[in-house]
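First, one chain by itself: the form predicted alone, in structure tokens.
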Amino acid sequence: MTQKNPLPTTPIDDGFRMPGEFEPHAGCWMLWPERPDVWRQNGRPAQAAFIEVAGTIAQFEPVWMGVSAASYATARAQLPASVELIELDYNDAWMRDNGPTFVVNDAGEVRGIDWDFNAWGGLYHDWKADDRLASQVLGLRGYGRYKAHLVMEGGAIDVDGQGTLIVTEQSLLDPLRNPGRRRDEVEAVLRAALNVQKVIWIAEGVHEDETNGHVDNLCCFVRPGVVALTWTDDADDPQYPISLAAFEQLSQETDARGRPLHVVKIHQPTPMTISAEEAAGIVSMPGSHPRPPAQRLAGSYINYYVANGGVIVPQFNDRFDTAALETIQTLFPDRTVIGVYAREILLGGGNIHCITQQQPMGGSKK
């Protein structure tokens, strides 16, 4: 059920904040992939990857999979019984981006932010259902809804839960998202919606990321004061100057509480491109985003999901896979780090973090 009336205030007015992803969850939201112009072979290979991601997360916390009415029976037959299916109306399966951003207060109440959504600056022609999705989810849960009038996606923000936010200028100042909005105007909306006191602006995200620079593919808070950053040692790779600039900037930053940031480099996978066979399996439709053969994929191990007792990390059958798992395990010594082969998700334009959205722990609905 879609909520018609948003709350008249902002989260900062009401004492709500966006918690860090590493804080306790009530569960994880996902969406079933089926768009033939995004997912090759009518989504079947991607569905297999989503099933593995969902089943792995379900070892640690509840998983709620949104699914269309047309695909409900197919999804139910394939997903493990531990994954709950919920019928939802949506255009594509990126719950991080088209779903709500949840906020909490000190009393344990949960509410959600409904951002404006325009398919990453118009990557596909019809995004009306995606723009309504946050309201649907919050209505189903009975959570209060804040309407933030900023075109943005959940993958564009990363917080430490203690007042610090990292974003990229490439994404949030994109003229196809928020034309004419100055940086200070965008920052004011973010501060009010997420209840943060410091916003760190990175120039660019991962090279050739079709989200136009989402921060969640480039870097993220492991915990307050510690940031994981995608890296490459290849100075000839276009990613190198992007990661180097981010590393130098973040290494000199302090967080909202004045603590210096410790930056941990995680080497990116070997650069990958779409094969001719993979491209041929994608249906070209009017208004859809082209995925031609030889197009570079924005592969990154940073695009992982932190569950209550685990971390689910994308793998690519690449020589850097094991090192990424080992480094991430050192960053999360109290969680089980599990790799999931995720090339099929990457072919659609994102990865494990992009297809998931954590719902924080909370006991009240107001």
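Sequential numbering from 1, following the sequence displayed. Here the structure is a predicted model, which means the values were calculated and not measured.
We do not show the form predicted together with another copy of the chain, though everything after this point is about it.
Another copy of the chain in the model of the complex comes within 4.5 Å of no heavy atom belonging to T336. Contact check for T74: a heavy atom falls within 4.5 Å of another copy of the chain in the model of the complex. Contact annotation for I86: none of its heavy atoms lies within 4.5 Å of another copy of the chain in the model of the complex. When another copy of the chain is considered in the model of the complex, A245 lies well away from it, no heavy atom lying within 4.5 Å.
Screening 264 to 272, 131 to 139, 188 to 196, 75 to 83 for residues having heavy atoms within 4.5 Å of another copy of the chain in the model of the complex returns a single hit, 75 to 83.
In terms of contact with another copy of the chain in the model of the complex, the residue from A107, A276, M285, A203 that brings a heavy atom within 4.5 Å is M285. The contact with another copy of the chain in the model of the complex, taken as any heavy atom within 4.5 Å, belongs to G281 out of G163, G144, P224, G281. Shown without its partner, the chain has P36, D37, Q41, N42, G43, R44, Q47 in segment 36 to 67 as residues with a non-hydrogen atom within 4.5 angstroms of another copy of the chain in the model of the complex.
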